[in-house]
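Just the one chain here, laid out as structure tokens, in the form predicted on its own.
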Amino acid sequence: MELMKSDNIVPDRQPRQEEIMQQQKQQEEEEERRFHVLAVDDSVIDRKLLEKLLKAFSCQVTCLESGEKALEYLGLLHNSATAASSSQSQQHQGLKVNLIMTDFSMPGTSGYDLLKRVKGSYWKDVPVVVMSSENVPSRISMCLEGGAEEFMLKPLQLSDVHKIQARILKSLPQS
């Protein structure tokens, strides 16, 4: 009789494990549907602030500390030929990025360099927002003419992120 009782307990545990696996799958699917922002800034403080602001809008955020790391993440680090571009495109098909936000002044690959590489690749339709703590009109014009969706002055505030998200969401195709 005691054996039967323990047998009855095991089947009860099985559905719980299945429920947990199903919940994990639902969480992963929900994560995939969230607005994904690639945040690039060499300043730890600015990166953390940007991440906090974006997460306040329930964005999925990937933070990187350099333009090189962003190019690597996007599969564009050694992209010099169209053939390489198409093979890398196939390699990164599963990667989803809805918005790139980058600092303008970074050592190595600047935010402007990142913008130009993104706009010259298969990521060209992803909006790029360039940020800077310096209000230099020629820099702002250069970025906007180079394909930036927006140029924002740092430090960013919650209202800035709201403005960006509302504008970007309007331009996204509805699925």
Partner chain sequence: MEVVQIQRTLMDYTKSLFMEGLLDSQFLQLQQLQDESNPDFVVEVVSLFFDDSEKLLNELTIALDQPSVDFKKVDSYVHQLKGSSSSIGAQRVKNACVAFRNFCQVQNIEGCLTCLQQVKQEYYLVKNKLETLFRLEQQIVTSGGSIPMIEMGF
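Bear in mind the structure is a predicted one, so any value in this text is a computation, not a measurement. Numbering follows the first chain given and starts at 1.
The same protein also has a form predicted together with the partner chain, omitted here; what follows describes it.
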Stretch in contact in the predicted complex with the partner chain, which is absent here, among 110-118, 141-149, 64-72, 50-58 (heavy atoms within 4.5 Å): 50-58
is_contact(M21, the partner chain) in the predicted complex, heavy atom dist at most 4.5 Å: no
Exercise: V136 in contact with the partner chain in the predicted complex, heavy atom 4.5 Å: no
4.5 Å heavy atom contact, A166 to the partner chain in the predicted complex: no
Touches the partner chain in the predicted complex: S105 (any heavy atom, 4.5 Å): yes
Residues from 150-164 in contact with the partner chain (non-hydrogen atom within 4.5 Å) in the predicted complex: P155, L156, Q157, L158
